[in-house]
Structure formats: structure tokens, C-alpha cells
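There is one chain below, alone, in C-alpha cells, taken in the form predicted alone.
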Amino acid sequence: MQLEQYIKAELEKPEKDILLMTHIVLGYPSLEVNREVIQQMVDNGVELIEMQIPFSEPMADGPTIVQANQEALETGISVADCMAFGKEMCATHDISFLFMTYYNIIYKYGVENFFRKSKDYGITGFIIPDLPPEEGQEFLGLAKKYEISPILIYAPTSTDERMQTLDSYADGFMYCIARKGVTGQQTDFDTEFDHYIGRCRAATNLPLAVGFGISSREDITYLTGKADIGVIGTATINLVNNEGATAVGPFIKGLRG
């Protein structure tokens, strides 16, 4: 099932008013801990997981995820390791897995090879924040060929015209950054955000995912009815750092009550 169809099918279930997508950095603190965290996430209702392939200059990320990228690279994690882990997770869990990384990783690996293997393994989408669609014609063409969704990004600074342009290239869902800046900072939801998410909704028929600073049940409750997916990233990484992998399950379970 393609990504957009999967999301819409999940949202049609009576107990689901909003879906959850979580974010992990592969190899941080280890692939074994990644396995345990993903099991906790799946067991407690996460529908999508964004697996980040570490990169030395993760420009869209805040301090916590930057540090996680650096430490994963220092342990020697490779793209091949990440690909093999993605294959294992897709075979183990019946949810949707995406790869998030930066374009240099894909370019060095071989763009079509990256798509071909990801498709074979069961990956449903790619999030590549440093690749504007105007510079990604090969990437977008291969996304259609291999039926892997290219996830594009709306920001509060995006004009209505830019949003419509991005919508013409995107597939699966649209990732709506909740505020200016990088990941990890707290987001304040207010009338300005409501206006922004309304512009996002008007610009696309794709499901909307909201990320950056989502960290509590109150945040998810606020987003319910406004967005289709709440994205939790830094909050779970901090939780693993401070309390260990077993703390992730109760946290995820509590997000939707």
C-alpha cells in the first residue's frame, strides 16, 4: 500500500483522530537500542517511523539530534548498516517506515541504487530537507518510478504560491514545520499557528504532518482536527538519554490517552 493510502486507511479507523510519527537517529546510541525503542513505539501505537541516516552536517536539526548524528558517526555507523537495519524493521513491523537524511548521503550511495534497495526493503517515503524540488528532478523521477513518496516541507515563511508549487511535486503527506528554526525547541501553539496550518490545508489535498517541538499530550490534543499526523522527535531521544529505552512506551501511549 502506498504511503498516502496507508495514512488515509489508518485515519479511517474509529479510534484514530490523529496519527503519530516518531523519529530516531540510526546508530544512536546503538542499533540494538534503536530496535528496542522501535519495538516500544510500535507496541504503543505509532503508525509511522522516520529513521534518520546520520550525516555530518544535519542543517535542519537542533542540538540534540545534531549530537546524536555526531555520536552515531563516531561509532562507525555506515549507510549500508542503516539500509540493512531499515530492511530488518520493515520485515519485522507492520507499520510505515521512512528514511530521513541529507542529499549528499544519497548522492554518494548512488541515487537509483538507494531507491531500488529502499523499495525492495519496504521503505515508503524519503524526507530530504536540503533538496529543493527544482534541483531534484532525478530524485523526483525515481520517486515515481519506485513508488516511494518524496515528502516535502512547508514552513511558516512559505508563501501561498510556494506551498502550491511544493504540492505539485509532493506525495504521501506534507511535512509542516510548526515554527521557524531547527528541531528541538518548544513550539507555542496560538492563533498565528492556526492561520499557518489553515494555509497549509488550503494548499494541498495531502495529509498534513506537523513537527518541530511536539512533546506532550497537550500538543497532540491541540493538533487533533488541525493536522493528520503529529511528529515526535527530540522528545523521545531525550527520554532515552535520561531514562532509557523502556520509558518510550509509556510516553507514546500517553500522547493520545
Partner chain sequence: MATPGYYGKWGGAFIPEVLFETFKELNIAFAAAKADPSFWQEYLDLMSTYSCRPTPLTYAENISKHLGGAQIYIKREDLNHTGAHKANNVMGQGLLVKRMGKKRVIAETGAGQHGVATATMAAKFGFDCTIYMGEEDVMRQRPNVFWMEKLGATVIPVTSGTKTLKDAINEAFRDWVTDMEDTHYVMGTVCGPHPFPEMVAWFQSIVGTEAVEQISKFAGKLPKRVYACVGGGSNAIGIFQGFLDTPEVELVGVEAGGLGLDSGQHAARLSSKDSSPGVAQGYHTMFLQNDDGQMNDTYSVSAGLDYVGVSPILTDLWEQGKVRFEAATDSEVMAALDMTMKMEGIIPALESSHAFAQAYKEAGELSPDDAIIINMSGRGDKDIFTVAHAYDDPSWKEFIIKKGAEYAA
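Numbering follows the first chain given and starts at 1. Not measured: the values here are computed from a predicted model.
Note that the form predicted together with the partner chain isn't included here; everything after this is about it.
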Which of 60-68, 23-31, 198-206, 214-222 lies within 4.5 Å of the partner chain in the predicted bound form, heavy atoms considered? The stretch 60-68
Problem set entry | Non-hydrogen atom within 4.5 Å of the partner chain in the predicted bound form for each of 2, 36 and 125 | no
Worksheet entry | Exercise: residue 135 in contact with the partner chain in the predicted bound form, heavy atom 4.5 Å | yes
- Message: Please determine whether residue 78 contacts the partner chain in the predicted bound form, using a 4.5 Å cut-off between heavy atoms.
- Response: yes
Worksheet item: Any chance residue 103 has a heavy atom within 4.5 Å of the partner chain in the predicted bound form?
Response: yes
Answer yes if any heavy atom of residue 177 is within 4.5 Å of a heavy atom of the partner chain in the predicted bound form; otherwise answer no.
yes
Checking 166, 84, 111, 90 against the partner chain in the predicted bound form, the residue with a non-hydrogen atom inside 4.5 angstroms turns out to be 166
Restricting to 128-156, the residues within 4.5 Å of the partner chain in the predicted bound form through any heavy atom are 129, 130, 131, 132, 133, 134, 135, 153, 155
